[in-house]
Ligand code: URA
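The data below hold one chain only, encoded as structure tokens and taken in the form predicted on its own.
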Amino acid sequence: MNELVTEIRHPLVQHKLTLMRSKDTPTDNFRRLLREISQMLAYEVTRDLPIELVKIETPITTIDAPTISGKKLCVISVLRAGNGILDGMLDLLPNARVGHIGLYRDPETLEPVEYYFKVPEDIAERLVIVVDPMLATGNSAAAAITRLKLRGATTIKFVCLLAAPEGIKVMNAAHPDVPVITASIDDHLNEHGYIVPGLGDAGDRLFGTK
């Protein structure tokens, strides 16, 4: 058992993920399902947020009620497919700050190449949730988190839809302080670096580009 990785086995998550895996699921349904699963992943990744008591008045009486303490979260989307998870996260966390990291995977080396980076200036003071549907080789996720740490981020979690054992190994080695939350740990990577059984290219299926 890997203590750094949490696999969400909730029946609703698994049911919706099965629908997403099907090659017959059209783009509009794929997009909706990813948004719905992302909301449930947001619930899991935020379950240990610190809270404080504030005095409020209900229609009946005055009470000390719990509220999230500290600065608001920051959700970082690894472009482009990360935006599919970002949308669902923001449904549940509308006040979160947002950042974007643009990476693409070199088809020959499978190594990440950065082309865009924009995050909040006070990222060092926030809990950072990095989102990307697929943790395949792990190289892009590890590179994104390295860049965030260079900008001062210290409390980081990584959320993905699917993870391959190879990607988990790379992430754990590069960032042993970063928990991974995923809807499924799949079997392996194929020779092209795709997760098996997987669901294909998440970005292409999300945006209908193939």
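None of the values given here were measured: they were computed from a predicted structure. Counting begins at 1, following the sequence as shown.
Separately, the form predicted together with uracil exists; it is not shown, and the next lines address it.
A.B. asks: Heavy atom to heavy atom, is C74 within 4.5 Å of uracil in the predicted bound form?
C.D. replies: Although uracil is absent here, C74 would stay clear of it in the predicted bound form, with no heavy atoms inside 4.5 Å.
A.B. asks: Wondering, does H100 line up within 4.5 Å of uracil in the predicted bound form on heavy atoms?
C.D. replies: Residue-level check for H100: no, no contact with uracil.
A.B. asks: Is D201 part of the interface with uracil in the predicted bound form - any heavy atom within 4.5 Å?
C.D. replies: D201: contacts uracil in the predicted bound form.
A.B. asks: Is there a non-hydrogen atom of M20 within 4.5 angstroms of a non-hydrogen atom of uracil in the predicted bound form?
C.D. replies: Contact with uracil, no.
A.B. asks: From the list M89, V128, V78, M134, which entry has a heavy atom within 4.5 Å of uracil in the predicted bound form?
C.D. replies: It is M134.
A.B. asks: Just give me the residues of 176 to 200, first to last, that have a heavy atom within 4.5 Å of uracil in the predicted bound form.
C.D. replies: Result: G193, Y194, I195, G200.
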